[in-house]
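Next up: just one chain, as structure tokens, the form predicted alone.
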């Protein structure tokens, strides 16, 4: 394949765009892990819920012209769902003196993933859907770029920026950062750590759901569309370093670029393989990932 500079730049831009959406998903996984020290194996299903919510809201309420209102409504829906799920299923890990928290968290989130996936199949059927959103094409430096992808990219950047502001310039963000380092310490100053856990879980799944909403017009919406996204999310957090939000952001961008450029120079059909190869290379060079995580005091 003759790779011209224009083609290379086009695929590089495409990789950065999709990488930002990967980063959004990975940051949701990492955020929950950094606060609660548990892996939410159902994150892909919250991505799926977000994509279905966007399709439903755009198709039956807002219309394609106001697709961005669907994204905002999806954020509210996912946040409320996250609050309820955490209170019902995850909170008992920390409020009942449970000894085997890791095993419980793994089993309950895998069961939740299977439940949500099958519920979507029952309610919607196995058919693929897509919201009727067509933003045409835009030109970036003389290169044509899909308007849907560019809008999703901008949306991801805005959400990541708001998330960064929340963590670094608000009282709640300081509570999150303190809780990720010393859960006992924040309790001694009167902070309800169980409430912090609940809000953190809701925010984490909302980030995944927003990735699904933004990518709904780019990829098909169907009950198992979160499976590949979950795989990529875990690739990213290992590449970036467990518990590291900057690592998740950088890892997502790098994975998107590696997949896109691999499709140019090697084979498009092996796109999902390049992430694993990149993951292995990173671990061989730096087994803890690109960024380390400070050990939390308990």
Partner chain sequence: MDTIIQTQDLTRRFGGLVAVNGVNFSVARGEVRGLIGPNGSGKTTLINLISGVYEPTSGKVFFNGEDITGLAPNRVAQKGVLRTFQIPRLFGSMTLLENMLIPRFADFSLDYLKQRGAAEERALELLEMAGIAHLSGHQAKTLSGGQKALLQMARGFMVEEISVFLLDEPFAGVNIVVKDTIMALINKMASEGVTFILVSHEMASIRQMCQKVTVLAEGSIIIEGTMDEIAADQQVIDAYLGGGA
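Residue numbers count along the first chain shown, from 1. Quick caveat, the model's predicted, so the values are computed rather than measured.
Keep in mind that the form predicted in complex with the partner chain is missing from the display, and what follows is about it.
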property	result
Sole residue of 145, 80, 218, 178 within 4.5 Å of the partner chain in the predicted bound form, by heavy atom	178
Among the candidates 93, 133, 73, 186, the residue which, in the predicted bound form, approaches the partner chain to within 4.5 Å (heavy atoms)	186
Residue 154, heavy atom within 4.5 angstroms of the partner chain in the predicted bound form	no
Contact test in the predicted bound form: residue 129 vs the partner chain, heavy atoms, 4.5 Å	no
Any non-hydrogen atom of residue 125 within 4.5 angstroms of the partner chain in the predicted bound form	no
is_contact(residue 161, the partner chain) in the predicted bound form, heavy atom dist at most 4.5 Å	no
Option from 191-199, 218-226, 145-153, 204-212 whose residues, in the predicted bound form, bring a heavy atom within 4.5 Å of the partner chain	191-199
